[in-house]
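Next up is one chain by itself, shown in C-alpha coordinates, the form predicted on its own.
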(Lines give C-alpha, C1' and ligand atoms only; values in the text may rest on other atoms or scores of the structure.)
Protein backbone atom coordinates (compact mmCIF):
# COMPACT_ATOMS: atom_id res chain seq x y z
CA UNK A 1 0.00 0.00 0.00
CA UNK A 2 1.15 3.49 -0.73
CA UNK A 3 1.20 6.30 1.79
CA UNK A 4 -1.97 7.84 0.33
CA UNK A 5 -3.83 4.51 0.64
CA UNK A 6 -2.88 4.33 4.33
CA UNK A 7 -4.02 7.93 4.75
CA UNK A 8 -7.46 7.15 3.28
CA UNK A 9 -7.74 4.04 5.45
CA UNK A 10 -6.88 6.04 8.57
CA UNK A 11 -9.31 8.85 7.76
CA UNK A 12 -12.06 6.34 6.97
CA UNK A 13 -11.51 4.56 10.29
CA UNK A 14 -11.55 7.83 12.23
CA UNK A 15 -14.80 8.91 10.58
CA UNK A 16 -16.44 5.52 11.10
CA UNK A 17 -15.41 5.11 14.72
CA UNK A 18 -16.09 8.77 15.45
CA UNK A 19 -19.74 8.37 14.52
CA UNK A 20 -19.93 5.15 16.51
CA UNK A 21 -18.50 6.88 19.56
CA UNK A 22 -20.98 9.73 19.16
CA UNK A 23 -23.80 7.20 18.92
CA UNK A 24 -22.70 5.49 22.12
CA UNK A 25 -22.36 8.83 23.92
CA UNK A 26 -25.80 10.05 22.82
CA UNK A 27 -27.74 6.77 22.96
CA UNK A 28 -28.80 7.23 26.57
CA UNK A 29 -30.30 10.65 25.82
CA UNK A 30 -32.32 9.71 22.75
CA UNK A 31 -35.98 8.79 23.12
CA UNK A 32 -36.60 5.91 20.68
CA UNK A 33 -40.30 6.79 20.55
CA UNK A 34 -39.81 10.43 19.59
CA UNK A 35 -41.16 11.77 16.32
CA UNK A 36 -37.64 12.19 14.94
CA UNK A 37 -36.68 8.57 15.66
CA UNK A 38 -39.93 7.29 14.13
CA UNK A 39 -39.16 9.35 11.02
CA UNK A 40 -35.62 7.94 10.88
CA UNK A 41 -37.02 4.40 11.16
CA UNK A 42 -39.50 5.10 8.34
CA UNK A 43 -36.74 6.43 6.09
CA UNK A 44 -34.57 3.39 6.86
CA UNK A 45 -37.43 1.00 6.01
CA UNK A 46 -38.19 2.92 2.82
CA UNK A 47 -34.55 2.73 1.70
CA UNK A 48 -34.46 -0.99 2.41
CA UNK A 49 -37.71 -1.57 0.51
CA UNK A 50 -36.35 0.42 -2.44
CA UNK A 51 -33.15 -1.60 -2.52
CA UNK A 52 -35.03 -4.89 -2.38
CA UNK A 53 -37.41 -3.76 -5.14
CA UNK A 54 -34.44 -2.76 -7.29
CA UNK A 55 -32.81 -6.15 -6.75
CA UNK A 56 -36.01 -7.85 -7.91
CA UNK A 57 -37.05 -5.58 -10.79
CA UNK A 58 -33.76 -4.26 -12.17
CA UNK A 59 -30.88 -6.38 -10.87
CA UNK A 60 -27.31 -6.08 -12.05
CA UNK A 61 -24.60 -8.69 -12.46
CA UNK A 62 -25.33 -12.40 -12.14
CA UNK A 63 -28.77 -11.79 -10.64
CA UNK A 64 -29.70 -9.92 -13.81
CA UNK A 65 -29.24 -13.17 -15.75
CA UNK A 66 -32.15 -14.80 -13.91
CA UNK A 67 -35.74 -14.53 -15.08
CA UNK A 68 -38.11 -12.13 -13.35
CA UNK A 69 -40.42 -14.99 -12.30
CA UNK A 70 -37.47 -16.63 -10.50
CA UNK A 71 -36.71 -13.49 -8.50
CA UNK A 72 -40.39 -12.86 -7.71
CA UNK A 73 -41.01 -16.46 -6.65
CA UNK A 74 -37.95 -16.47 -4.40
CA UNK A 75 -39.12 -13.24 -2.76
CA UNK A 76 -42.54 -14.85 -2.27
CA UNK A 77 -41.03 -17.98 -0.73
CA UNK A 78 -38.87 -15.84 1.55
CA UNK A 79 -41.91 -13.88 2.76
CA UNK A 80 -43.98 -17.01 3.23
CA UNK A 81 -41.30 -18.74 5.31
CA UNK A 82 -40.67 -15.52 7.23
CA UNK A 83 -44.30 -15.34 8.37
CA UNK A 84 -44.79 -19.08 8.90
CA UNK A 85 -41.79 -19.33 11.21
CA UNK A 86 -42.74 -16.46 13.53
CA UNK A 87 -40.98 -13.70 11.60
CA UNK A 88 -37.59 -15.39 11.41
CA UNK A 89 -35.45 -13.27 9.11
CA UNK A 90 -32.71 -15.90 8.95
CA UNK A 91 -35.10 -18.65 7.87
CA UNK A 92 -36.89 -16.38 5.39
CA UNK A 93 -33.71 -15.18 3.69
CA UNK A 94 -32.25 -18.69 3.66
CA UNK A 95 -35.41 -20.16 2.13
CA UNK A 96 -35.57 -17.44 -0.52
CA UNK A 97 -31.91 -17.91 -1.45
CA UNK A 98 -32.23 -21.70 -1.60
CA UNK A 99 -35.37 -21.38 -3.73
CA UNK A 100 -33.61 -19.04 -6.16
CA UNK A 101 -30.66 -21.44 -6.40
CA UNK A 102 -33.00 -24.38 -6.98
CA UNK A 103 -35.12 -22.79 -9.71
CA UNK A 104 -32.04 -21.37 -11.41
CA UNK A 105 -30.36 -24.78 -11.40
CA UNK A 106 -33.48 -26.62 -12.57
CA UNK A 107 -34.08 -24.09 -15.34
CA UNK A 108 -30.56 -24.66 -16.61
CA UNK A 109 -29.38 -21.13 -15.79
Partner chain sequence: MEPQSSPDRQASSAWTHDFGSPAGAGRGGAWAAVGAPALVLGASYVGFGAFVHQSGLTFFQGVASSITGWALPGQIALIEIFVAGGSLLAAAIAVGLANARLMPMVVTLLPILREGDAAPSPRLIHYLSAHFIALTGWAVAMQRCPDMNPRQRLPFFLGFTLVIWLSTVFCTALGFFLVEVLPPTVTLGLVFLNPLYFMLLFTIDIVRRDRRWALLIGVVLGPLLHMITPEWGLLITGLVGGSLAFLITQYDRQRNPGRGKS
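Rigid core: the largest C-alpha set superposing within 1.5 Å between the two forms. Bear in mind that the values here come from a model prediction, so they are computed numbers and not experimental data. Positions refer to the first chain, counted from 1.
This next part talks about the form predicted together with its partner chain, which is not shown.
Asks: Answer yes if any heavy atom of residue 69 is within 4.5 Å of a heavy atom of its partner chain in the model of the complex; otherwise answer no.
Replies: The answer is no: residue 69 has no heavy atom within 4.5 Å of its partner chain.
Asks: State yes or no: in the model of the complex, is some non-hydrogen atom of residue 30 no more than 4.5 angstroms from a non-hydrogen atom of its partner chain?
Replies: Yes - in the model of the complex, heavy atoms of residue 30 and its partner chain come within 4.5 Å of each other.
Asks: Can residue 20 be called a contact residue for its partner chain in the model of the complex at 4.5 Å between heavy atoms?
Replies: Looking in the model of the complex, residue contacts with its partner chain include residue 20, since a heavy atom lies within 4.5 Å.
Asks: Though only this chain appears here, would residue 79 touch its partner chain in the model of the complex if you measure heavy atom gaps against 4.5 Å?
Replies: Answer yes; at least one heavy atom of residue 79 falls within 4.5 Å of its partner chain in the model of the complex.
Asks: What residues, if any, in 64-94 have a non-hydrogen atom within 4.5 angstroms of its partner chain in the model of the complex?
Replies: Counting only heavy atoms within 4.5 Å of its partner chain in the model of the complex, the contacting residues of 64-94 are 66, 71, 74, 75, 78, 79, 82, 83, 89, 90, 92, 93.
Asks: Does superposing the core leave residue 20 with a CA shift of 2 Å or more between this form and the one not shown?
Replies: Indeed, residue 20 is displaced by 2 Å or more.
Asks: If we fit on the core, is the Cα of residue 101 displaced 2 Å or more between this form and the one not shown?
Replies: After core superposition, the displacement of the residue 101 C-alpha between this form and the one not shown stays below 2 Å, so no.
Asks: My question is whether residue 38 is one of the residues whose C-alpha shifts by 2 Å or more between this form and the one not shown, given a fit on the rigid core.
Replies: The answer is yes, as the C-alpha of residue 38 shifts between this form and the one not shown by 2 Å or more after core alignment.
Asks: At a change of 3 Å or more, would you call the C-alpha separation of residue 39 and residue 82 in the model of the complex closer or farther than in the form supplied?
Replies: Relative to the shown form, the pair is farther apart.
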